[in-house]
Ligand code: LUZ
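Here you get one chain, nothing else, as structure tokens; it is the form predicted alone.
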């Protein structure tokens, strides 16, 4: 891959990289087990919907090595793990709602013993009708929450003034998280009727409170600790709580250590995916191809219970118009209850699903009107002063800057000419391209969650201990927190130790999600470090008899007063502060200012800032086989003032490839009975080294950034995934170059099978 030349000023290596490549990094399953540790195994439903008529495990519990079998009646607290809505039992009691729903928990001395017990358990379920399609669920009135609508202007009136009006449907599939480390938890009892719990989770607070709720005890009795995750992508934001509850229920009851970690196929079968959507759109344009009105209705497949679907639905509405300035908008979303595992957070959190629909509508309009899609896209990009359908006013738009810069840098006219020439000269191989603009809001849309804390100790030898609520899951947050500390104190990173994320050191954490982890935890950490620095500066002024207004800095561990270096080091200042009984610890707190949202009127200012970008995608399609290659992706991205270019670049590349996978090859398939068919790596395909773009060029847009971003370094976790949407439209355009009459629904992923069928389709 090719990337812009990296400036070494802010490129300290990822501090976790050496541990990863040498196998020394510790995950839940690597923790040395205590003597007497038991294994917990979940018995899940083999039917997608039905009434439980009989559960008999009397024979199984008598087998050698079986310690206990738990059912719903054995839960000491509440049999409920729903995060937003209380609609999800930990263990099914009367009814099952999806294949993979937990019914029993076997606790055994060994996994082999647990597996043997499974063969001796009888569960009889009376089948009920299974619904897996969200439109059908909506027709039956099966909703997980109240439907919502965002409005701006008057679409009814606006459509009457449009020269062009087009209507259609769009569909996006699910996506398996396929984190390298499966879900899992390890729990053991400690003194004081308490539990210590190691969990593979992005959301420690949710795990802590859910376990406490299930056990019927206070959150202070549950200590949750996370060193790192082997990937999360949103799949461990809420759904990690179920596995933690299983291990904790057994450990609490039996007073022995218990580990509950599923195999890959168990994980895939029992967990929810990215929410699939089926959507309708209507778009109206004037004679200059300005979009005058846009209407969309989204049918979200939420699965059997709410999980995070209501919040995901909301973010779809927030991103329903992507980067475009549209004066009249009406977006309506329905969260539909189906007999599938509860779908959940996935990188982008509903935003990509909304963006795909508006891009499909624009592409549809362009093809029908006989103009290039890029013409309509560029003509409608937002500017400062644009009002989003949810009421926030654009104040930081880089939409046109990103578009124009990528077009100029990579000479779009030349790309188009090369593609045209290639397609004329090649009968059975065709190329296509597309542009994908991105505008993504940064903050949790639940305002309450935009808060964080950090705990910092400076020891009297000058070394530093840092605890935050951030979870390292491969995104480099540990490295960025190290940088914030080192820069604020003016010391070497070698003096700083990052502690595990732990609920006894940092309480009430928000999940590491929503691309807000660096901003929230970084700002809280900055607050804590600044508290200590102010005390140390006062110590320096006292030592040198300096006035209060004297400017004290510590640079490279040396003291400067009013720009003049003094014969005093960081270590000496800290020691002097300790002798003077100065507090060398601080608890920092940060709550994002300005943001607000009123759901009663669906208006407000929900985002701290937005991230912008535009990507050009070029593809080649083999028109005999239906296969395709991603030749290149060129992007101009709004990083703000990046704190670490290498880590941010890695996030862009990873997000891009994950988005391409969602759009092209990652197809989650259930049969009519709700059974997952794409249930293993042999049946579910993710991008490998041969399917990623041959060339990736990421250009850092020169921009100041936002004061609400840590050191003005904008969030990079989720925005790049949306660049992958461009692959769908580039492939679609290559198909049309081969067969202009091809029937190509706006249905993703556009797999090789679908490409092959489209290549030889024909409109009636």
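Everything numeric in this text was worked out from a predicted model, so none of it was measured. Positions refer to the first chain, counted from 1.
In what follows, reference is made to the form predicted in complex with this ligand, a form of this protein that is not presented.
Listed range touching this ligand, judged in the predicted complex by heavy atoms within 4.5 Å, from 445-453, 648-656, 68-76, 594-602: That would be 445-453.
Residue among 349, 243, 252, 639 with a heavy atom within 4.5 Å of this ligand in the predicted complex: The residue in contact is 349.
Listed residue (333, 528, 260, 514) with a non-hydrogen atom within 4.5 angstroms of this ligand in the predicted complex: None of the other options qualify; the answer is 514.
This ligand contact in the predicted complex: residue 307, any heavy atom under 4.5 Å: It does not: once this ligand is placed as it appears in the predicted complex, residue 307 has no heavy atom within 4.5 Å of it.
Exercise: residue 337 in contact with this ligand in the predicted complex, heavy atom 4.5 Å: Because no heavy atom of residue 337 falls inside 4.5 Å of this ligand in the predicted complex, the answer is no.
Contact flag, residue 519 vs this ligand in the predicted complex, heavy atom cut 4.5 Å: No, residue 519 is distant from the partner.
Contact flag, residue 315 vs this ligand in the predicted complex, heavy atom cut 4.5 Å: The answer is yes: residue 315 has a heavy atom within 4.5 Å of this ligand.
Sequence-ordered list of residues in 237-261 near this ligand in the predicted complex, where near means a heavy atom within 4.5 Å: Sequence-ordered list has one entry, 237.
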